[in-house]
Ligand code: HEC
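Only one chain is shown below, in structure tokens, and it's the form predicted alone.
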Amino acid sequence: MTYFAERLIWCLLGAAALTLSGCSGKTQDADTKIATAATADTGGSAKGDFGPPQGPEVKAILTSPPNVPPATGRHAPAKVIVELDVIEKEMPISEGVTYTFWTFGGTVPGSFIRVRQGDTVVFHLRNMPDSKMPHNIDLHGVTGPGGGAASSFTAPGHVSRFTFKALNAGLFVYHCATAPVGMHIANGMYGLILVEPPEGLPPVDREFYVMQGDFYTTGKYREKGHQPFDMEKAIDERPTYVLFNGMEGALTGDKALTAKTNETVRLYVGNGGPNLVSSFHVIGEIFDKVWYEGGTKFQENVQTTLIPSGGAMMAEFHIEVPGSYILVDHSIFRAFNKGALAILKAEGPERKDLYSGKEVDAVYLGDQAAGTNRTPITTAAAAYKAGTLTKEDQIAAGKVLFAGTCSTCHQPDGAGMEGVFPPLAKSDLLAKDPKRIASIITHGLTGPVTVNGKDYNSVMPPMAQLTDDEVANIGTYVLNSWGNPGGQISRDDAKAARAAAPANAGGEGH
């Protein structure tokens, strides 16, 4: 827009304002009024310097996910001390699967940091003596080269310190920026720092800290044992896991988030990446407000919101109806086949006027449903490794896996669905050739098939996401349940079935 065009618009607006003021007998400078309103609506670092710190030093309260520190409650800038430790440690990434994480504060994501706009933050980064790698920190809420990375390179057993002024309000990601940067982030080195606006945030009943990350292991999804980092998968952006808070099931079962009806919940959600964009959604809720991209503006009545890698957002919603609300990345295979799934349990009286009821959590949650105990899977894996695996171990593990993989179609009692999905209970198809179940699981079954004298013509897709252990355990459980002939499927049986051409993938007659 040219200078003259811009002045013409201002003049027209000014004339309109003067006309209105003339009707009321008042005179106003329209240019000044509009310019003041525009300035008042402008955020950014130009409004962020509130002078020197006032009062005594404040030591920041850091919390582990999913907890959030209390509001600062301050009305003036302060000198705030942040002490954050880098800890390299082995932790579970899934049931029976371990991974060596590099962490800020011993958790993935790292500790939540909360300060006020205008604060002077003195940041201490300590790298534990037993670390194998140097690390640093890049805080997206820092104004200065590298976001602090250039000032915080820290060798094992050392501590670095730098100071910054929190000029911009918002929710910001922090992460390690030591080369290779992608590897450090992929190993869990990220977290969130909230810079409150001077007036603070509106009070809510519950606040939770959730952060998504994609992980790259040499083994496939849920393959048991210790799994190293796979650089080739990371470069190709082929994650083995996509997780909330660093572990599959970190926010399900006994560790689910909790709230009550008639409460307002605020979620602080980040995406550490290093590669994927998150399509964040809460099944059964609508966000009343979303502060998109972690900034100071909000959108209302949002169903799903994008969170870029290295980005964040805040969302609020009011809970009216009790039940289990499922947090997912709505790039949906990530939720149900890579682990990006969490639960918020809301307790309170029913609201039949708003929702009739009948929860069917199994359809969404599978083996991550509230209360599901995945310990038998770990027990079976450990027994196999020790050479002591029994049929009973496999049956116990297979029961858990069946609930999450097969029960929706074949039903928990193996009865199937009349005219749609054939029964597994007292199945003459399985009795004729028990070992065939491994091939059916790995390759699927398509086309006409007769089971117990009744014809079916549906599609069972290949369960290629299952490991050989999982195929063997599910098969053993089915063969030893609901009046079936018994028997045992081994890991070798499953491996051979996977490698062979499907015996009857097209159904009978193929």
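A residue's number is simply how far along the shown sequence it sits, counting from 1. For the two forms, the rigid core is made up of the largest set of C-alpha atoms that agree within 1.5 Å on superposition. Being a predicted model, the structure only gives us computed values, none of them experimental.
There is another form of this protein, the form predicted in complex with the named molecule, and it is not shown here; the text below is about that form.
> Counting only heavy atoms and a 4.5 Å cutoff, which of 97-105, 315-323, 418-426, 211-219 contacts the named molecule in the model of the complex?
Correct option: 418-426.
> Looking at T446, S481, N67, Q54, which has any heavy atom no more than 4.5 Å from the named molecule in the model of the complex?
After the contact test, the surviving option is T446.
> May I ask you to choose, among C406, I87, A234, V400, the residue with a heavy atom within 4.5 Å of the named molecule in the model of the complex?
Result of the distance check: C406.
> Is there any non-hydrogen atom of M460 lying within 4.5 Å of the named molecule in the model of the complex?
Yes - in the model of the complex, heavy atoms of M460 and the named molecule come within 4.5 Å of each other.
> How about H410: is it within 4.5 Å of the named molecule in the model of the complex, going by heavy atoms?
Flag for H410 set to yes.
> Going by a heavy atom distance of 4.5 Å, is I441 a contact of the named molecule in the model of the complex?
Yes, contact at 4.5 Å.
> Under a 4.5 Å heavy atom criterion, is V451 part of the interface with the named molecule in the model of the complex?
Residue-level check for V451: yes, a contact with the named molecule.
> Verify the C-alpha shift of G475 between this form and the one not shown: is it 2 Å or more after superposing the core?
The answer is yes; the displacement is at least 2 Å.
> Note yes or no: does the Cα of E57 move by 2 Å or more between this form and the one not shown after the core is superposed?
Stays below the 2 Å threshold, so no.
> For G419, decide whether the Cα shift between this form and the one not shown is 2 Å or greater, given a superposition on the rigid core.
Indeed, G419 is displaced by 2 Å or more.
> Kindly indicate if, in the model of the complex, the C-alpha atoms of R334 and M417 are closer or farther apart than in the structure shown, bearing in mind the change is 3 Å or more.
Closer in the model of the complex, by 3 Å or more.
> Between S458 and I332, does the Cα distance in the model of the complex come out closer or farther than in this form, changing by 3 Å or more?
Nearer in the model of the complex, by 3 Å or more.
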